[in-house]
Each structure stands twice: as structure tokens, then as C-alpha cells.
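Quick setup: one chain, the form predicted on its own, written in C-alpha cells, and binding and motion questions come after.
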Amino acid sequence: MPYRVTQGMMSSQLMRNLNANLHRMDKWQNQMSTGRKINAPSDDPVGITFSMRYRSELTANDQYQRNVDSAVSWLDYTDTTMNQAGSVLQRLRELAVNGSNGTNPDTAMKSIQSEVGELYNQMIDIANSTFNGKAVFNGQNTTQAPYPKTGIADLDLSTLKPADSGEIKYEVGAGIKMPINVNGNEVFGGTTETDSIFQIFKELHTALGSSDYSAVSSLIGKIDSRNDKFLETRSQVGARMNRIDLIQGRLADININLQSLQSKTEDADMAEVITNMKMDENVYQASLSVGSKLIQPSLVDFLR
């Protein structure tokens, strides 16, 4: 059954077509101006879920990278201070060997004793080192220096407390926590250990003061023992630094992969967008042209 087509129906259809064309052009214009094909959840409901997931993982990965950077700084500083402590320990051994020579006069022993006292002060400064305001060798108790800043003559070994042994762990990956500190007990020796560096300093200082050559000589073995443990601890720091380097590279790779996936999900293909934009522009121009011919015949045109 034929139905009647009125001027109003044709005008309404024309307006719907024009609006549809404008809507598509607005979509392409929006993608061109932002460079993204997803500007609202309605643009791609499935894609937006993947996009949000990639963004969340990228944010977490950025935090892991910042943690790794902090861990690297901490370990580098620890290694530097341990290198300084190693130099002091080596010099202490040289003085002990020199002081064990029975031909030294008392004045020479006093001179050696004086240098040992200065080395002790230097070792205390190293043991109480702080990084970014935190005591490096006092476990989790980073707000307090682990060792008393007293001269060697006033050092009372019975009041010396062990350093805090808590571990400082940084999360450097999903579910991966890594200790980045070493405590003073591992480096300088616990208060009950006979080869504690502070015990050695005190005994050596006393033996040099009384020119007790045999006592000085007997301390060389303890210095060697402490040095072996010291090097073992330093090798652990080196091993952690190597692992941190590997983790750093892995996080960088993950970051690149996630950015690539995010780009494929969100970024607009500009060649495709421009082509579609030009096609819809042509369609819109054709619609306007058709509309002008459709609306133009009015009653006035008919009567003319």
C-alpha cells in the first residue's frame, strides 16, 4: 500500500542524516585533536577495561622502578662506607704488625697508639654513617646511631649494645621484597664476638699503651678474622647490587611492553582517522547540497 511522503517527513529525514554526519565528523575531529581513539568508555567498552588495566600496571611498575632506584642508592652508599671501613681495617693491621715488633721503643708504641685512637674515631664515624638522614648500619632503627661517640679511652665494652638486626626490605616487583641493608653486627661484629672491631680497637689500644708486644701480636689474628667476615658481608652487598641491576633491566622491559600495549589500545591511527574524516566531510557536503535542492521548492517558488 503506497504511503504519502510529506515535506515535513523529508525535512526530518534530512535533519537526521545531517546530524548523523555531524556526529561522525565530531568523532573523527575528537580523535584527531587528542590522538586517542578512546576518549570515553562508550567509544570502546572492552578496550577501556584493557586500557585501565595497563595504566594500573604501569603505575605499579613506576613505583617498583622508584623503589629500585632507592635500593641502588642505599646499596651504593653502603658499599662506599664499607670500602672506607676496609681501608681503616687494613691500616689497623699494618699498625698492629708494626706494634708487635719488640724493638719498638715506648715512644714509637705511643705514636702507634695515638694513630689507633684516631682510626677508632674514624671507624665510629663510619659505623654511625647516615644516608638521607637514616642510620645505615642500625637495622630498622634508622633514627638512632648504633654506636656511642666516645673516645677509645672512655669506651666501656660492657655497655656497648648490639646494633638492631632488623631488615629493611624494598618491594621491587609484584610480591618480590628484597633486603637492602646490612646491620652493624655483620660488619663490625657483635658485642659478644671476640673479633668485634671495637673489642679489637680497645685491646690493641691498651696493649700498645703498656708496650705489651705479645698481646699486640695476638690481636693480628683477630683482625684477620674480622676482615674475612667483613669481606664476606661486602660480597653479599655486591651480590644484591648485581641482582638489583637485573631487576632494573626487567622493569624497564616490562615498562616498554605495557606502553606498547597501551598505545595499541588507546592511540588513534591518524592515517585512518584523516581518511574517514575526509570521506564524512564529502558525505556531509553532499547532504547539504541535496538538502538545498529539497527545501528550495517552496510555495513562493511554485507561484513565481
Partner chain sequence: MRSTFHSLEISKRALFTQQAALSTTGHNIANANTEGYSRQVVNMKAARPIEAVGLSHSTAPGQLGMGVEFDSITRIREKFLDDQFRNENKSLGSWSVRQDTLEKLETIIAEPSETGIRTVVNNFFKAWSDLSKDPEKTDGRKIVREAAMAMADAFNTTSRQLEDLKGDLTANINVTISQVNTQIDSISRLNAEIQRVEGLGDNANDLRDQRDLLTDQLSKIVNIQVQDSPQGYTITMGSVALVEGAQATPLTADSVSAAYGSGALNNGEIHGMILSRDKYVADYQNQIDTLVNTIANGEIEVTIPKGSVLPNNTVLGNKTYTGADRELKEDLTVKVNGLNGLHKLGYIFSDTPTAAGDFFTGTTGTTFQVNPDIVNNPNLIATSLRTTGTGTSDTVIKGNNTMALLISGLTNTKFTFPAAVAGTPDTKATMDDFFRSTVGQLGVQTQEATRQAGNQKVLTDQVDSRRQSVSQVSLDEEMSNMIKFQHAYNAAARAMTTFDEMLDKVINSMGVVGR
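The shown structure was predicted, so the numbers you read here are calculated from the model rather than taken from an experiment. Definition used throughout: the rigid core is the maximal C-alpha set that superposes within 1.5 Å between two forms. Residue numbers count along the first chain shown, from 1.
One more form of this protein, predicted together with the partner chain, exists but is not displayed; see below.
**Request:** Spot the stretch among 32-40, 268-276, 231-239, 244-252 with residues whose non-hydrogen atoms come within 4.5 Å of the partner chain in the predicted bound form.
**Result:** Among the listed stretches, the partner-contacting one is 32-40.
**Message:** Is residue 174 part of the interface with the partner chain in the predicted bound form - any heavy atom within 4.5 Å?
**Reply:** Looking in the predicted bound form, residue contacts with the partner chain include residue 174, since a heavy atom lies within 4.5 Å.
**Message:** Can you tell me if residue 16 lies within 4.5 angstroms of the partner chain in the predicted bound form, counting non-hydrogen atoms only?
**Reply:** Flag for residue 16 set to yes.
**Asked** Would residue 259 sit within 4.5 Å of the partner chain in the predicted bound form, counting heavy atoms only?
**Response** Contact with the partner chain, no.
**Request:** Find out whether any non-hydrogen atom of residue 142 is located within 4.5 angstroms of the partner chain in the predicted bound form, and reply yes or no.
**Result:** Yes, residue 142 sits close enough to the partner chain in the predicted bound form that at least one of its heavy atoms falls within 4.5 Å.
**Prompt:** Within 4.5 Å of the partner chain in the predicted bound form: all of 76, 91 and 213, by heavy atom?
**Reply:** No, none of 76, 91 and 213 comes within 4.5 Å of the partner chain in the predicted bound form.
**Message:** Can you pick out, from 86, 190, 117, 166, the residue that has a heavy atom within 4.5 Å of the partner chain in the predicted bound form?
**Reply:** Result of the distance check: 166.
**Message:** Where, within 228-256, is there a heavy atom within 4.5 Å of the partner chain in the predicted bound form? Residue list please.
**Reply:** Heavy-atom contacts to the partner chain in the predicted bound form: nothing from 228-256.
**Prompt:** Does the C-alpha of residue 25 move 2 Å or more between this form and the one not shown once the rigid core is lined up?
**Reply:** The answer is no, as the C-alpha of residue 25 shifts between this form and the one not shown by less than 2 Å after core alignment.
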